[in-house]
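Form predicted alone, single chain, as structure tokens, below.
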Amino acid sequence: MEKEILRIERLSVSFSQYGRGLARRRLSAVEELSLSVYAGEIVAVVGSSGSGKSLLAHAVMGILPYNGRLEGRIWFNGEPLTQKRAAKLRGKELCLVPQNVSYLDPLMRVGEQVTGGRSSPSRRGKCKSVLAGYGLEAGVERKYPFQLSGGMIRRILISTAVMETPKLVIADEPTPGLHPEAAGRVMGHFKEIAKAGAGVLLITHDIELALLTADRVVVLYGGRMIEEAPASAFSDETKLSHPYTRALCRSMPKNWNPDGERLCDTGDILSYMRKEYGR
């Protein structure tokens, strides 16, 4: 078995919120979540908006908001991942590809951002090589973000992650707004990263795209993990155990009937989940 890169045990994330006067309450966002990612593996975390996917990424990266509280344990490369250690590893062994394309500084040339401001000849040469490897034309490093398309910016964000030698890459919704062909290319880049030996944690709401890339799929609902299954299990819903996951499987366009109708009523399944989990 490949080396375990990331292990999360019973992770919970909550936030403090002030009401009237000095009254304060805690809002639970992620509850008792456990998962692992191994070297050379892509694990997709899927779920609807508000299910806790991005909070999981931020918890691992050590960048939760000031009012966030983390409980549980996280190991990275066999050692506890404290907030101090995460800060030291960010951008090196532990890399985030954020979902917001505005993450890039609009006033700085792309090449400067990919190299982290280090302008040695070897660093600039590696920058050009990495950008070319992701299909970006020569000279793109001299451009500003506003001169690039959304798909190009996505590839540049991935380039910043692989300029070092990451052991774990967390991709937080890397494909929204992209044409299917461009999204497929971006996902192919993550497969290349995993093939090179890194672990990849893919945060996405696009389950169909995840199944084309991931080895395992973790399904979240209301901040809780309700199922973990091999990606291959989604080709046969009888291999899936939870009603919500089976409904996700049946609701994918490839599983619609010839008249273009879904084979499940997503409204009914959401009603079931709200009754079961209170969310």
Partner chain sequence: MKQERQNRLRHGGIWFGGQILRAAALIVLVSVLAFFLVSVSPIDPLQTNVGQAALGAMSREQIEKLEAYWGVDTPPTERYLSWAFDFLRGDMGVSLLYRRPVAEILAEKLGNSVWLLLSAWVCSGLFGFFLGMLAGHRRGGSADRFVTGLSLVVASTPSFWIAMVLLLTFAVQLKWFPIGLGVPIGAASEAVSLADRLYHAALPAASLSIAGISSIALHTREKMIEVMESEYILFARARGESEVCLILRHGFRNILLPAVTLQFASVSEIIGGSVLVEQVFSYPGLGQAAVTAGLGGDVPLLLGITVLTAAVVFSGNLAANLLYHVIDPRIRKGGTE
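Everything numeric in this text was worked out from a predicted model, so none of it was measured. Positions refer to the first chain, counted from 1.
The discussion below concerns the form predicted in complex with the partner chain, not included here.
Shown without its partner, this chain lists L157, L168, C127, I193 as candidates; in the predicted bound form, only L157 has a non-hydrogen atom within 4.5 angstroms of the partner chain. Taking K143, H179, H205, R73 one by one, only a single residue has any non-hydrogen atom within 4.5 Å of the partner chain in the predicted bound form, and it is K143.
In the predicted bound form, at least one heavy atom of R123 sits within 4.5 Å of the partner chain. For the chain shown alone, L104 is a contact residue for the partner chain in the predicted bound form, at least one non-hydrogen atom being within 4.5 angstroms. The partner chain is not shown here, and in the predicted bound form it never comes within 4.5 Å of any heavy atom of T82. Residue contact check for L212: none of its heavy atoms lie within 4.5 Å of the partner chain in the predicted bound form.
Just one listed stretch, out of 143-151, 181-189, 127-135, 197-205, contacts the partner chain in the predicted bound form at the 4.5 Å heavy atom level, and that stretch is 143-151.
Every residue of the trio G91, L96 and N100 has some heavy atom no more than 4.5 Å from the partner chain in the predicted bound form.
Contact annotation for 41-75: residues with any non-hydrogen atom within 4.5 angstroms of the partner chain in the predicted bound form are H58, M61, I63, listed in sequence order.
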